[in-house]
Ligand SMILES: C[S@@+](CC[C@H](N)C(=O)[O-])C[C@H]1O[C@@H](n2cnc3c(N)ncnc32)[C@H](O)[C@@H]1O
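Quick setup: one chain, the form predicted on its own, written in structure tokens, and binding and motion questions come after.
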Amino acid sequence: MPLPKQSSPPQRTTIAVKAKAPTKSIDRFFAPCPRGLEQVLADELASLGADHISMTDGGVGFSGAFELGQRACLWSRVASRVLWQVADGEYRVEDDIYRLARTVDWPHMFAAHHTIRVETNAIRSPLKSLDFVTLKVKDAIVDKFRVAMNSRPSVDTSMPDMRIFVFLTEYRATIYLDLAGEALFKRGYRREGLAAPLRENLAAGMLLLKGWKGDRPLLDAMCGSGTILTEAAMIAMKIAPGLQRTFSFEKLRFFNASQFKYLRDESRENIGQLARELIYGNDINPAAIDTTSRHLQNVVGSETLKRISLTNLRAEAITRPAETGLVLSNPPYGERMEELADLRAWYPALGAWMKRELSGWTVCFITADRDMPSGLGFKPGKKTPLYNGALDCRLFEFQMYAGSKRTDREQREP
């Protein structure tokens, strides 16, 4: 007896979605940054046109049109990311957060073929498992796509197209879409793909913290791969730090390519010349000088590179390049005990160099070694807590006087 004819299952189709731009005239954003640089970032965002700026430990909240988020990605030297707030509400259990995530119209933001990653952070949340919250938000996004489009995005935890951040307080959940993609300290000029021992946004933040705008000589006596020097060149020439990279907001359905091209072109037109006898770099390792040269050339070009002085000497052998200026360096930390002992044995020679060559200069070192000032033989005028990744550091500042402070004061007094 023949079997009854089977009907073909209905074909699953992808429903076309028309791109829909943000409807709010004012959006809310959050920009995380290295701890200790919140005020510098707040000032930077204000200069870009941000409103309702509020600082918290490790970042700055701000408001503005959606285009401001794109401008911040292109121009912020200090932010690690720019997060666009897409949902906010109270919660008591994980299902409340699931429902909050379902209110977001994810299919109108990005396509189902884009990969996603969800990350959850919390302060004083009563929920026992942040991983479970992450799973619930991922499920909400997937369910929203399935209902709307008969398809769903996949998860990619290493290089996703879209990063979603969930932040929980004791009773409130906020969901953000990351507009940057890769962290903003990845400027795009490190073609070797090697990580820098000093993050680029920390280097730029320290320069801005010390008021350096390309108006006085800068020396990095231990320049390593040239992070501080390259950030300084971009500041002095007014080069947008995001000019050589792409951003995840360029994959959004409502992305206005012509509008962002105008922003990029405008930033290129405003690039200035680098003054001569402004930026000086040095390292005892010749390979470090080669790397620094490549990174600088990738940013400023081969002709402008000729205006930057790079030397291969011991730090204490450098002669002062100008009467006054700023030294900003990231000395080795000495992670092992024998390295730390060698480092502390070297400090007196470094202090003698500072006294001999740098009168009239401001000298700043970022280090995890709290004993560095006593080893140099100077008391810091300022010490700013900063974090280089997870490493708890201090930025020590020394004002180098000709003679002594007391002698200078006595000479000024009648």
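Sequential numbering from 1, following the sequence displayed. From a predicted model like this one, the values you see are computed outputs, not experimental measurements.
Another form exists, predicted in complex with the ligand; not displayed. Remarks below refer to it.
Think of it this way: in the predicted complex, the ligand has a heavy atom of just one of 321, 188, 197, 89 within 4.5 Å, and the residue is 197.
The contact with the ligand in the predicted complex, taken as any heavy atom within 4.5 Å, belongs to 284 out of 243, 284, 127, 237. Stretch 214-222 is the contacting one of 128-136, 265-273, 75-83, 214-222, since its residues have non-hydrogen atoms within 4.5 Å of the ligand in the predicted complex. The shortest heavy atom separation between residue 387 and the ligand in the predicted complex exceeds 4.5 Å. When the ligand is considered in the predicted complex, residue 313 lines it closely, a heavy atom lying within 4.5 Å. The ligand in the predicted complex comes within 4.5 Å of a heavy atom belonging to residue 227. For residue 378, no non-hydrogen atom is located within 4.5 Å of the ligand in the predicted complex, even though that partner is not displayed.
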